[in-house]
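Next up is one chain by itself, shown in structure tokens, the form predicted on its own.
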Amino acid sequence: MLDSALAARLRIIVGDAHFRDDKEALITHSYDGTPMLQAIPDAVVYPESTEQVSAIMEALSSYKVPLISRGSGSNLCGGTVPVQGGVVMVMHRMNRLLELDTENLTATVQPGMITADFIHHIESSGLFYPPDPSSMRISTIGGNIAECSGGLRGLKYGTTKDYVIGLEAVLANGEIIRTGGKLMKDVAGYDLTKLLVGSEGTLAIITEATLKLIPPPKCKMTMLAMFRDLYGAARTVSAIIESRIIPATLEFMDNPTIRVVDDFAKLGLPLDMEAILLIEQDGDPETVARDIEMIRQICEREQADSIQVAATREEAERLLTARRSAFTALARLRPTTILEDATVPRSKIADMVLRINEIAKKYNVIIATFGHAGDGNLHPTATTDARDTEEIHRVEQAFEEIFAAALELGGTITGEHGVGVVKAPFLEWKIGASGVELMKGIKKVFDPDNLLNPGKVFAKQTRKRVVINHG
């Protein structure tokens, strides 16, 4: 429990209605989207301004109490679970679009704004913000920045880090800093903006972001290519890129995913295909038509069983549903769904999927794979039951081997979900002991008392998910 004097101070800062330490609030904020990981915080606060965030952090710093900032809690690596207790700061009240600057093509937004709402505002103004994480209907801009979220359009347009050009943030001692701005060029010192993007709330609390916008594409075309040969699908991905075509979307689903998605969404997908590629191109009409035709020819050359090009935007949305509903469909199979991510070079996608299948068979667990084929980011997803501890142990063993396989193939342990708690044991596998120590040094400079989201990224966790009965 919090010191009574600190609790009183926090109540004064945010108001009685926005300080919670009742059982319901604490349990509600004890977990995120990561299955089988929970820890009870000591209190929950809901600030409405940067000044309040600063005052909260100054108070917590004086008592050496940890702070975990969060948006909607859609994180999948335990990044917003308060594993060392402390105060959870929920950013939902800071949810305004502060400025839309059409002259500089930027938007300034608070961290608690829902991603889909932000995108709707931008598109209704005739502009385009490309990052589109699958969780965008519930995730927040601040959460996207903290995790450097990707999405279906990442191949062509990049991820969140490519659009964050300025930040306002609060340090562990309550000091407010500003980085970057409405600038396309700025090399004045170290790039603190990019350092904070993807730092998982361990270096500072983001309270405002300036985001780059671009003109929207004039035209879009969407197609579905179906393959009986997994390697044919993988070769198609490489051949498309080698042909100097960069699609807006290039997504992959394996056979187990196809079967579950079709049962869920009733799309009439062929259930005997080993892989499906969902491909979308955008741009000017002539270029899009040319690219789609070239992609069709590549698919045919690689022995695609069938190719379907959407005739209308409604039909295109129906095809996109096949990919966007993958996680939801898989979650219906069994009580517990563990969605992971690992990234390999595009040329190694088929090898990685086959390794995943071999590992799943070895440990007798169910793992379906889908993901962003264009950038090599795959999502092996296990359907299991948290009540079966022996099976969960096998699932964890399988994922450990999957991460090792990704590294062997020249990849990484996470492409977009982050390290958090779940991937912390594997970080040194990727960057080495010296890399970990260098990152710890950066953390120490920003947060000398380890108050911001402690127990994440560098934590020496056991390689399993646990319920922590803190407090």
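Since the model is a prediction, treat every value here as computed from it, not as a measurement. Start at 1 with the first residue shown and count on from there.
The next section is about a form of this same protein that is not shown, the form predicted together with another copy of the chain.
- Under a 4.5 angstroms non-hydrogen atom cutoff, another copy of the chain in the predicted complex has E242 among its neighbouring residues.
- Among residues of the shown chain, P216 is one whose heavy atoms approach another copy of the chain to within 4.5 Å in the predicted complex.
- At a distance threshold of 4.5 angstroms between non-hydrogen atoms, E314 is out of contact with another copy of the chain in the predicted complex.
- Contact between K182 and another copy of the chain in the predicted complex is found at the 4.5 Å heavy atom cutoff.
- Of the candidate stretches 434-442, 63-71, 23-31, 40-48, only 434-442 has residues with heavy atoms within 4.5 Å of another copy of the chain in the predicted complex.
- Every residue in the set K194, V344 and H417 has a non-hydrogen atom no more than 4.5 Å from another copy of the chain in the predicted complex.
- Just one of S134, T384, N255, S238 comes within 4.5 Å of another copy of the chain in the predicted complex, counting any heavy atom, and that one is S238.
- Proximity to another copy of the chain in the predicted complex, defined as a heavy atom within 4.5 Å, holds among L269, A310, I359, C148 only for C148.
- Contacts to another copy of the chain in the predicted complex (heavy atom within 4.5 Å) from stretch 1-24: none.
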